[in-house]
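Take a look at this one chain, the form predicted on its own, written out in structure tokens.
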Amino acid sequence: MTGNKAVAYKEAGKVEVIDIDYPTFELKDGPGVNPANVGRPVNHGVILKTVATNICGSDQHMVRGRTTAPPNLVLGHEITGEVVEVGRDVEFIKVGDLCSVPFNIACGRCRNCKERKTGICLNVNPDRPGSAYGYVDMGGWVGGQANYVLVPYADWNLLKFPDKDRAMEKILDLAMLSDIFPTGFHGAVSAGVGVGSTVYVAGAGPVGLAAATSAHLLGAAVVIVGDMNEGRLAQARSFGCETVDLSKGDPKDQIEQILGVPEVDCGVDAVGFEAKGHGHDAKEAPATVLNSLMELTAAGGALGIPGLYVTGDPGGIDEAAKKGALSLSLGTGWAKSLSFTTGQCPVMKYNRQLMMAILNDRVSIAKNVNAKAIPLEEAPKGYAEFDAGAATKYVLNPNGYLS
């Protein structure tokens, strides 16, 4: 039997590389697996040998102990891999295909999937609509920060790269198609970004940088990125963004200095529920970004909210925050007729188009997010450096595909 190593959450602040079972075409019991999913046959699935699997800010929420993730949950929802086995019901995907895996697990059969709402599939997670690999309350599908991973509904879920050799030349860029590039793009699209737009992106982590990249791709006139981390702000400036330093206070005045007016056409929240207030030594204040964006976005505008918000946060600053209840100035949003789009990005809505943009040299997403490949064994170090604020998108290389 082929061995399989994986990155697992152990306790708050700690991940380890552990030995796990090689995948089979059946969902087994394990950490975080909903009992209703145990024994579920996956003859419609494939087994991938992982080419690249990324550390995500959403993983960090779990690793910090800010969710109800159980110990030994195998992490990883950003997966690119080569097919090594196919289930008996797989018709179009073949052994040897190199594919991107949308982080959303979707059946392709339910009403929501048929309406392109693959982030809220009704059939893959008994707990709630929507599922993902290696994530708390998402049905228990094993994560992909491993040598091998099972992908269900393969004919539907997988995006096959048309030319393996050409894809490997751009593999770090293509590795961003599983999550952060479509997620950032979704944030920009749902914020209404178009030709000539002025855009404010809150957060200069990888999703924020992907949203800023997407805003440029969509034709924005000015893209402003806000953060407190100077290294990450420098990364945003490296590909043509304006920046505001939130450690200096509310972004409104700095935005006015850039644009001449204290508002933007479009706002993107790439921070989520662990947001801090503004100013030097700001403390956690989870509604800050949303309230700030409502104030900064012009009347009639829209907010794209790819930043993660949860219904269970053991580390929340108060009882309301522990349940995902925030003190929003909804009256501001109502008075300005603002639109809001939240939730998982439906990756399949965008990933093929973004793949074509990468393959045809229209965008350099890996460069913009400062992607760096590291061995699977260095995952704990990558998690620690990312958590400390490194301006880097860490890509794990479990099987030596990445130079």
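What you see is a predicted model; the values in this text were computed from it and never measured. For every residue, the number given is its place in the sequence shown, counted from 1.
The same protein also exists as the form predicted together with a small molecule; that form is not shown, yet it is the one meant from here on.
- Between the small molecule and the residues G208, P102, G144, G304, the one pair within 4.5 Å by heavy atoms in the predicted complex involves G208.
- None of K160, K276, H216, K170 but one reaches within 4.5 angstroms of the small molecule in the predicted complex through a heavy atom, and that residue is K276.
- By the criterion of a heavy atom within 4.5 Å, G272 is counted among the residues contacting the small molecule in the predicted complex.
- The small molecule is not shown here, but in the predicted complex it comes within 4.5 Å of a heavy atom of R64.
- Contact check for A191: no non-hydrogen atom falls within 4.5 Å of the small molecule in the predicted complex.
- Although the partner is absent here, G226 is a contact residue: one of its heavy atoms lies within 4.5 angstroms of the small molecule in the predicted complex.
- The candidate site formed by A202, L246 and V289 is fully in contact with the small molecule in the predicted complex, as each residue has a non-hydrogen atom within 4.5 angstroms of it.
- Looking at 342 to 350, 359 to 367, 30 to 38, 372 to 380, the stretch with residues near the small molecule in the predicted complex, meaning non-hydrogen atoms within 4.5 angstroms, turns out to be 342 to 350.
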